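The data below hold one chain only, encoded as structure tokens and taken in the form predicted on its own.
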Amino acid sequence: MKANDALAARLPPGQYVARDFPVLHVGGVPRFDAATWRFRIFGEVERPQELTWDEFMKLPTRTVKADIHCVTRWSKFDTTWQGVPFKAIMELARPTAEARFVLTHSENGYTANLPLSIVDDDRVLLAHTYEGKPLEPIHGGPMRMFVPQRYFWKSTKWCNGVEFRREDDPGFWELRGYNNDADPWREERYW
């Protein structure tokens, strides 16, 4: 298999390869203050948590190299992210047996929903570093959810909370017509 064929096999249907990192979001870029920032873990968990930035940054980290895919049709190959594995958040909070979904919360009231089976994956991070540098605010810094196996809107920018839920509850974009599952390999873009 030629190198170009190998790259083409990594490109989901309807996507093109972007060399830059396009910026898309609704609303302004929130200001980050490490002294007041809090990350809530709540809902169907045995041990709800509220972490400061310093506490969050002391959690275990992992580096993940993955392709990312945006619903607006761009893909970027071989991106490198570092952050707290979502599995570490699960170990910290201990979701109850009834928890089947996660709703990520963000500044500006933004949310994204995912099945627990998707986020319980070694590649899923609460990422604070991109390509070896602190994640820029325009890309969701200081921290964003990182879910490489779904369209990128599921990787909530400026993430400040994770709610474990029994029932699925559509997030911000899902309420506005985006597909609930967001699998780029199935082109699950819109309802």
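Throughout, we count residues from 1 along the sequence that is shown. Just so it is clear, the model here is predicted, and its values are computed rather than measured.
Not pictured, yet referred to below: the form predicted in complex with a small molecule.
Engineer: Check residue 108 for me: does it contact the small molecule in the predicted bound form (non-hydrogen atoms, 4.5 angstroms)?
Structural biologist: Yes, residue 108 sits close enough to the small molecule in the predicted bound form that at least one of its heavy atoms falls within 4.5 Å.
Engineer: Please tell me whether any heavy atom belonging to residue 23 falls inside 4.5 Å of a heavy atom of the small molecule, as the geometry stands in the predicted bound form.
Structural biologist: Residue 23: contacts the small molecule in the predicted bound form.
Engineer: Can you work out whether residue 74 and the small molecule are in contact in the predicted bound form, taking contact to mean some heavy atom pair no more than 4.5 Å apart?
Structural biologist: Although the small molecule is absent here, residue 74 would touch it in the predicted bound form, with heavy atoms inside 4.5 Å.
Engineer: Considering non-hydrogen atoms and a 4.5 Å limit, does the small molecule approach residue 139 in the predicted bound form?
Structural biologist: Within the cut-off, so yes.
Engineer: Of 41, 70, 64, 126, which one comes within 4.5 Å of the small molecule in the predicted bound form, counting heavy atoms only?
Structural biologist: Selected residue: 70.
Engineer: Taking the partner as it appears in the predicted bound form, which of 151 to 159, 33 to 41, 54 to 62, 118 to 126 has residues with heavy atoms within 4.5 Å of the small molecule?
Structural biologist: Every other range fails; the passing one is 151 to 159.
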